[in-house]
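Take a look at this single chain, the form predicted alone, given in structure tokens.
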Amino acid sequence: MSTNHEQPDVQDGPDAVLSYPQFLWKALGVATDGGPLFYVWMTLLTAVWLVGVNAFAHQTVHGQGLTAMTDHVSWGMYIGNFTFAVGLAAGAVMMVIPAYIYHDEDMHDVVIVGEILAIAAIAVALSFVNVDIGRLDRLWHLIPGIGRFNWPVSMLTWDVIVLSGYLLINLHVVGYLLYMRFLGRRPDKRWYLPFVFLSIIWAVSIHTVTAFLYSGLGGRPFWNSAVLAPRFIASAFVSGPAFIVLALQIVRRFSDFHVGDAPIETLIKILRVTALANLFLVFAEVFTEFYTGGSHVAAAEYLYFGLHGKHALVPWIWTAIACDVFAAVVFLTADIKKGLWIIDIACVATLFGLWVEKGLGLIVPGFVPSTLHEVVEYVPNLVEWKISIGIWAFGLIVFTLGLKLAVAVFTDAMHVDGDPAARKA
């Protein structure tokens, strides 16, 4: 999905302004039109999302007492998914860095996939924050300048600000590039390139601030680690490229847009490094916890081996580590030219592994044992599963519609009415 480098620069004028409604109208048509497979996929996602909406409605009416969270474990499934979704959004920048920093022309063609993933992932992350609040009438407190923010002391305040900013940056970049291509014009670098470079810095900041949100809580020693922020960044640079590798293969299989092997090969090269870096940082934390010993090792002991007969998370975390190790080995040894199926399996495995590792495996042990040294286990119940899966279905709806719109614009299936020669790349 290139930015159409050979076309002359054309400044926006009255005709461009008049094309805005046409662009939006055609985008609506593209988003709601497709073949039987598209309708089956969107119907399935919508049904799952509505199940989640219904569960959230019950939670809103009856309170969070419907969930498995307690006074001892007050963050659970929702905040775990929030952490993973932020990493997925930050990892999408790995499409931008090779394209714009190292001038990889092959990555230029598909970089917008990463931007769309960032938009969908941030929408998911913010949704999990909203459902964890419990009541929609409290959402106005999260709006900068309007809500009652404890700023700049509160790290949660900083987290909401950087997430909202990252969402706006990616919406601008995607919207501008698609609209210029819709018009058949070369994008003006002044209107998107500074925001592209800003998104790289911002992507690192969103996950760093999220890590600081945990590591800054002195009463939770399991999170009090200086390596937590680097670990978050490393894992983000695994989950983002892994998801995009799967997305690119779906795009080239079910659309007319040509996606070569070169972008996928670049992403796999990135995964070979970042997957090992993530495992190394996990090992560094585990070594520090168990080798130094002390009372603070109780949370890690509960996570990896169980504590006082409580071991709900033990099978989860060891399965996650096995998936991460398997994926790292596959990324290092697999040959893309001999088939991508094993790499696809590795991508799915590492996504599952990181979802557990940065979700239940990170959040819950921070509360177990409690500050009163009580071991109260937490296992998400059906209400939390319904809401969580519903939110992820909503994210996939956003991602699917974004990809469908981008493919339609960049294959010239959707363009401004006028002279076809003026749209020729």
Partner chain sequence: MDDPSRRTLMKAGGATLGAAAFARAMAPITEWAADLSVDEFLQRHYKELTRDEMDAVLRRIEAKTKEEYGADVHVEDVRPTPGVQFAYALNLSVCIGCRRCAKACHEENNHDRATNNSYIRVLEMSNGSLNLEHGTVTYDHEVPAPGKFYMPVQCHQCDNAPCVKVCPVEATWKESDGIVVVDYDWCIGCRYCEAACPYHARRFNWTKPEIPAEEINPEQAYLSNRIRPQGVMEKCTFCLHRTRKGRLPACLEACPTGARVFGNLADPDSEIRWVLENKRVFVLKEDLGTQPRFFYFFDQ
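For clarity, every value in this text was computed on a predicted model and none was experimentally measured. Numbering follows the first chain given and starts at 1.
Just so you know, the form predicted together with its partner chain exists too; it's not on screen, but the next bit is about it.
The closest heavy atom approach of Trp140 to its partner chain in the model of the complex falls within 4.5 Å. The closest heavy atom approach of Leu213 to its partner chain in the model of the complex falls within 4.5 Å. The shortest heavy atom separation between Asp132 and its partner chain in the model of the complex is within 4.5 Å.
Using a 4.5 Å cutoff between non-hydrogen atoms, Thr400 does not count as a contact of its partner chain in the model of the complex. Stretch-level contact check against its partner chain in the model of the complex with heavy atoms at 4.5 Å: of 132-140, 269-277, 327-335, 347-355, the positive one is 132-140. Out of the listed residues Arg186, Arg252, His72, His311, His72 is the one that sits within 4.5 Å of its partner chain in the model of the complex by at least one heavy atom. Site annotation in the model of the complex: the residue of Val286, Leu193, Met155, Ile161 reaching within 4.5 Å of its partner chain with a heavy atom is Met155.
Residues Tyr179, Ile200 and Pro315 are none of them found to lie within 4.5 Å of its partner chain in the model of the complex, as judged by heavy atom distances. Residues of 226-253 are not found to place any heavy atom within 4.5 Å of its partner chain in the model of the complex.
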